[in-house]
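One chain follows as structure tokens, the form predicted on its own.
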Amino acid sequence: MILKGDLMKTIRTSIIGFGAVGQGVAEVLLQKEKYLKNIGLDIKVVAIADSKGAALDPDGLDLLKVLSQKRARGKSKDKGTVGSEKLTGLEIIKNIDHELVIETTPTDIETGGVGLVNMRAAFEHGRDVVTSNKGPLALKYRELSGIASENGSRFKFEATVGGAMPIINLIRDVLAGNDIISIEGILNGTCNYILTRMMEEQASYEQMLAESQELNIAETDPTYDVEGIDVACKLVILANSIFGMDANYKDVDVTGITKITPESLMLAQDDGYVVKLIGEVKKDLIRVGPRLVPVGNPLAVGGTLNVASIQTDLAGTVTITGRGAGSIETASAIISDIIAIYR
């Protein structure tokens, strides 16, 4: 039964960044509208912005219409403009009355990019933020958390680390009361796919990178993934949010997968091991690099799967596996964060 009256909470929302993840959020809000209302949440998207324009409606945008227009324009000279309004995401955050900013602009680990500017402005205007954008958190987590706290804003970012695979909320909520000793695992599905296929086909890194790009698993420029940068950013977020550190990307010992050969994978297999790109964080260590993992170990997952093993003092070792990428998968983490804030 859909709740009515005082039991229904309306959350006026903006989606800033309307690429794959932002569109995934809109799709999931449409799919889960009835469920959300059943638990007392009316998520009303009043503004959506991409890099070239915006769509606005104080009574709530028709998300299906906006998605259709975005995709139609993406095939035309308009290059996917989301709407005819000339407002930027920052102007929407500052000037449009709403409670929640869903920040899904592209990651920039050098400066934090527009995402950092957007998050600062959202908190300064007392808005809550849910984000999938790793860059600002990898660079300025402590600052952002401080501004949020000062302004009474909520700040959730599960989607920045494990995508659909919950790590941060699992630790903070389900494992509350446990001391976290370490977190290690595979946090990049692209690298895991390439290494898995190299072993299966006894093929070179270059061949399997090309295959992953053809399948849209790897980006056209795969540097962030294959050099370990993406995992390093995720480890920094875990280090700061779970272990209370004040780390940044430069504090991570980083090695990628570009130098791994089929021969080394076969030698490892002969000895009962697989080679995986493993990220690890604990109070005195943050590192990512290729490691030998015994076949049959919970960390020895294949394909595009992610996995995280969390060592605790009370619950022992808790291991979770799931998909860490994909627009709908990432959107699932964003929706989970929204429910956690407002339910």
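Computed from a prediction, not measured in an experiment: that's the story for all the values here. Residues carry their position along the shown sequence, with the first being 1.
Keep in mind the form predicted in complex with another copy of the chain is missing from the figure; the text below concerns it.
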Spell out, yes or no, whether the shortest heavy atom distance between Ile147 and another copy of the chain in the predicted bound form is within 4.5 Å.
no
In the predicted bound form, is there a heavy atom of another copy of the chain that lies within 4.5 Å of any heavy atom of Gly40, even though the partner is absent here?
no
May I ask you to state whether Ser68 is within 4.5 Å of another copy of the chain in the predicted bound form, using heavy atom distances?
no
Considering only heavy atoms, tell me if Gln207 and another copy of the chain come within 4.5 Å of each other in the predicted bound form.
no
What is the one choice in Lys94, Arg154, Arg172, Arg142 with a heavy atom within 4.5 Å of another copy of the chain in the predicted bound form?
Arg172
Taking the partner as it appears in the predicted bound form, which of 280-288, 41-49, 55-63, 312-320 has residues with heavy atoms within 4.5 Å of another copy of the chain?
312-320
Are all three of Ala159, Gly185 and Ile341 close to another copy of the chain in the predicted bound form, meaning a heavy atom of each within 4.5 Å?
no
Residue by residue through 285-311, tell me which have a non-hydrogen atom within 4.5 angstroms of another copy of the chain in the predicted bound form.
Val295, Gly296, Pro298, Ala300, Val301, Gly302, Leu305
